[in-house]
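Here's a solo chain for you in structure tokens, the form predicted alone.
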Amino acid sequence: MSQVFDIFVIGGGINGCGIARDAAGRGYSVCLAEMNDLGSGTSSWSTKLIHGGLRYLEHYEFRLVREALIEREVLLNMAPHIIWPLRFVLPHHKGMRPAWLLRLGLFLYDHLGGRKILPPTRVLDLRSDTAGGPLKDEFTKAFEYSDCWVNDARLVVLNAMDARAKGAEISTRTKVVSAKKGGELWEIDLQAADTGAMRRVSARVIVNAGGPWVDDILRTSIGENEARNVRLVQGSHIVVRKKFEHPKAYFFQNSDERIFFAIPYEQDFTLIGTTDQDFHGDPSNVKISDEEISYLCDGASHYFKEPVTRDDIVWTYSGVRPLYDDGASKAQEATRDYVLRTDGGAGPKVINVFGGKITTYRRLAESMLEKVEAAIGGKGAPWTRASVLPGGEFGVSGFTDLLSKVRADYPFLETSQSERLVRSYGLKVFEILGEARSSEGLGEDFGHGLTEAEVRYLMKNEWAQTAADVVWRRSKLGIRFTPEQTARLDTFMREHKQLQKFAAE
């Protein structure tokens, strides 16, 4: 007889992993299946912000903005290693939104969410403030406000780790082939991507958190609904050589009334994005278009003294956001709110996630558990608001002390290496570094401070199986790696995985 779970979650993005964590913490038995690597879809191709969504105020989405503003500080307390405050500079552009409107919007932004940790908005004189240095002289006034930066893919993994610690089964590279009703249960057939091996499990309820694939899962794997529920919107980013030295980010307005950001990225770069355009096709094959590159270069060049050109670009990435299809006429006007819907008719239910954003994933999970309770009965109470994700137990104000301790205990680490490790792993860094007293004690260095000790930790604890898992999702070192370094890392990981398999046998 197949193993029976209370909840079966399809999708290992931020929503799926957040739901699995919340449910497992309440005492439900949970199995999550992700057809690729954790966070390999939309969740790792974001603008990497925990934010209220200042521009959503223009579309009167006050509930969404308020919820997101409250969540900023909740998440900052949950994961102070991978989330940290960031100040944004919004230059006043005389040809666009008037200063009074920006001031009003930022007043609401400061007060809607009960801000306690983050500093308030202030007005900048760009003629004297360092933030004005990189900008054209025509921009003399700006508003500076607070939001947060997040390592998006690591947020996904940390939720999955905590879900597993609380009893959830997390199966990566596992595809749901079919789900059929069998009495009061779903009978779910799974296939392992590497071996093709089949497995059947049962569940009392299915949570469909497939992101851009949510409608495909309903149509093909579950066969419950033929409707179009999500609007796929492509968002693309360019990463260029560093355009400014200060640690603040920019919020720019464009002539088409859209907005985009220019954000410090990985010490030596600037991240510019995002775009918003409807997407049709396979979400796994999304790529930045030539038009999007021109759009971002031209938009940034309108503000920076030094133009942004194609020659400055060192990397690009694109993702597909599965926005709930509310019939909006423009992609940028489609709601960023989430909709949870129960389907299934008679017998076991499937509860679908349409839309959502990283900032509100925890609240989405709580709302999902209310629907799960209605479907199969309740277990436990909401608990995640005051929780901490793995490695973040040092608190918002403790990062500097933790970094100082790591530097004192492991003086052989490069300055940038120790900061990256603490920013990625928090207190878990001591599990990686262990008793090492020299660089040699961490094993082979694959480049840019990525050592054998770290890779082994990622393979053992964080479901990493390929070089891409490590350099593009568990870390952001892929932007620095050469093809040769990536190939060497892949070889090591294959060999290590084979040795683990032999040892298990």
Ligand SMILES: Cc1cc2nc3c(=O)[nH]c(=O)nc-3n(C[C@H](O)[C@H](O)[C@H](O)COP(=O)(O)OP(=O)(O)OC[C@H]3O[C@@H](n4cnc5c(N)ncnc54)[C@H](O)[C@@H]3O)c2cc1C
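The first residue of the sequence shown is number 1, and the count goes up from there. Values in this document were obtained by computation on a predicted structure and should not be read as measured data.
The following text describes the form predicted together with the ligand, which does not appear among the structures shown.
Proximity of F252 to the ligand in the model of the complex falls outside the 4.5 Å heavy atom cutoff. Contact between T359 and the ligand in the model of the complex is found at the 4.5 Å heavy atom cutoff. Remark: T451 does not count among the residues lining the ligand in the model of the complex, judged by a heavy atom distance of 4.5 Å or less.
A residue is said to contact a partner when one of its heavy atoms sits within 4.5 Å of a partner heavy atom; Y457 fails this definition for the ligand in the model of the complex, lying far away. Among L69, L442, M35, V470, the residue placing a heavy atom within 4.5 Å of the ligand in the model of the complex is M35. This chain is displayed alone, yet in the model of the complex one of V201, L126, L86, I217 has a heavy atom within 4.5 Å of the ligand; that residue is I217. In short, of 58 to 66, 41 to 49, 434 to 442, 460 to 468 it is 41 to 49 that has heavy atoms within 4.5 Å of the ligand in the model of the complex.
Residues of 6 to 32 that come within 4.5 Å of the ligand in the model of the complex, judged by any heavy atom, are I10, G11, G12, G13, I14, N15, G16 in sequence order.
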